[in-house]
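Next up: a single chain in structure tokens, the form predicted on its own.
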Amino acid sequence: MMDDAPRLWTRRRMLGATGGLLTASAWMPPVLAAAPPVKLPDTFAKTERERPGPPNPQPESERVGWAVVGLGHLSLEEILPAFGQMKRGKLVALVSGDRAKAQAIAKQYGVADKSLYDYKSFDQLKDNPEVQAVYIVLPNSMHAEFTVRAAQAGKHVFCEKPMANTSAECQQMIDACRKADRKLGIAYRLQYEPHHRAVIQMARNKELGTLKLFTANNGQNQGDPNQWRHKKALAGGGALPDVGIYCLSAARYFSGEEPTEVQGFSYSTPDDPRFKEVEESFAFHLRFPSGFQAHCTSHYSTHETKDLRLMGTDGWASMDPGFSYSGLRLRVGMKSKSFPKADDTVERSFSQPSQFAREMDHFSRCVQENVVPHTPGEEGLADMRIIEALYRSAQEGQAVKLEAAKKLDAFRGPPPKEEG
């Protein structure tokens, strides 16, 4: 996420979270008459898939203004380019510990020099009415501090996963945003992605029958041992909170259930300098109240692997890749309705706009319409509590019991509206 993490870590030790008071700059957008959407006549026969039509973005003056906090790989390669596809948000400010880099990026994206901040001047965002939301893209250990400071500055907060290094920090973030009456969303991009949304809908509609098993593998081969992801103080852990969280989260949102028993297994190759502080791989097993189970693996030393399969009594849904930023492929298998002696295996292909544009547009809508984000802070807290239980299980060598949730989708807000 950030190229300048070591410098930030030192600076963070020196700086206090001196968030400004909530003032009139805690901007809420005015109620504006929406521009009528442009519609075009159909040109294809009914045999062809439906087209989404023109994107119909909001006028610039009506969009939510965003500040991106941290200018590392994720921000520069995915998040900032995504603003070009957004319909409800616009980039208006940047926050970085590297002034020269921030100025270069600002010129590329048309951000005014007066809207560039570093981590010491971050709290001055309270005086910038153009900024309504901030996207925290910092090392995990810094999420809580900058979420609290953003809320105290009167800004809504969208934070990268994992939400924080501990459940206590997650709760601190939730409490700070609630106290400031600001919205808090966690960047679970795949919960907004069309292929994942389709599988969720299939599961809720019982198209696969009763869900029985979920398997997933998410891994990559890490490089530089000195990067922040290999520092426990910054990352909180290794493969599990970074890439394993995608498997964990998918098991939860596909089924809608919360696990009641978890067991984890951690491993690191001796003498590999990358894994002196964080785990190389983490495998885990989850049991859910209905009898549904999940078997997942996460890795920091395998060639990139990102597959998943959801299995039910009547069919299965599979994606490979399933966790990537693009190129997702969904296959579904079940008994053929036309030929009872055969199985049908079909591929369902959806358009793949930027996952980051979709999640940020959803959060922008939540700010504009004053609704709860689909992936609020409580969703991130739920994952972190399970991750802590998995680490405890691996350390103790036995399964750990968890409290049962009282309903499906217990920690999620309303499903996201389709933005086209």
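Sequential numbering from 1, following the sequence displayed. Keep in mind it's a predicted model, so treat the numbers as computed, not measured.
Omitted from view is the form predicted together with nicotinamide-adenine-dinucleotide, to which the following refers.
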Decide open or blocked for this chain: nicotinamide-adenine-dinucleotide is absent here, so superimpose its site C-alphas on those in the predicted bound form and check whether 3 or more ligand atoms come within 2.4 Å of a backbone or C-beta atom.
blocked
Each of His195, Cys247 and Ser249 having a non-hydrogen atom within 4.5 Å of nicotinamide-adenine-dinucleotide in the predicted bound form: is that the case here?
no
Selected contact from Ala102, Met334, Ala187, Ile174, since only one has a non-hydrogen atom within 4.5 angstroms of nicotinamide-adenine-dinucleotide in the predicted bound form:
Ala187
Of Arg88, Arg274, Arg229, Lys126, which one comes within 4.5 Å of nicotinamide-adenine-dinucleotide in the predicted bound form, counting heavy atoms only?
Arg229
Tell me the stretch among 250 to 258, 210 to 218, 291 to 299, 136 to 144 that has any heavy atom within 4.5 angstroms of nicotinamide-adenine-dinucleotide in the predicted bound form.
136 to 144
Test of understanding: in the predicted bound form, would Leu71 fall inside 4.5 Å of nicotinamide-adenine-dinucleotide by heavy atoms?
yes
Closest heavy atom of Tyr391 to nicotinamide-adenine-dinucleotide in the predicted bound form, within 4.5 Å or not?
no
Contact of Val148 with nicotinamide-adenine-dinucleotide in the predicted bound form (heavy atom, 4.5 Å):
no
Indicate whether Leu116 is a 4.5 Å heavy atom neighbour of nicotinamide-adenine-dinucleotide in the predicted bound form.
no
Which residues from 317 to 336 come close to nicotinamide-adenine-dinucleotide in the predicted bound form, meaning a heavy atom within 4.5 Å?
Tyr325
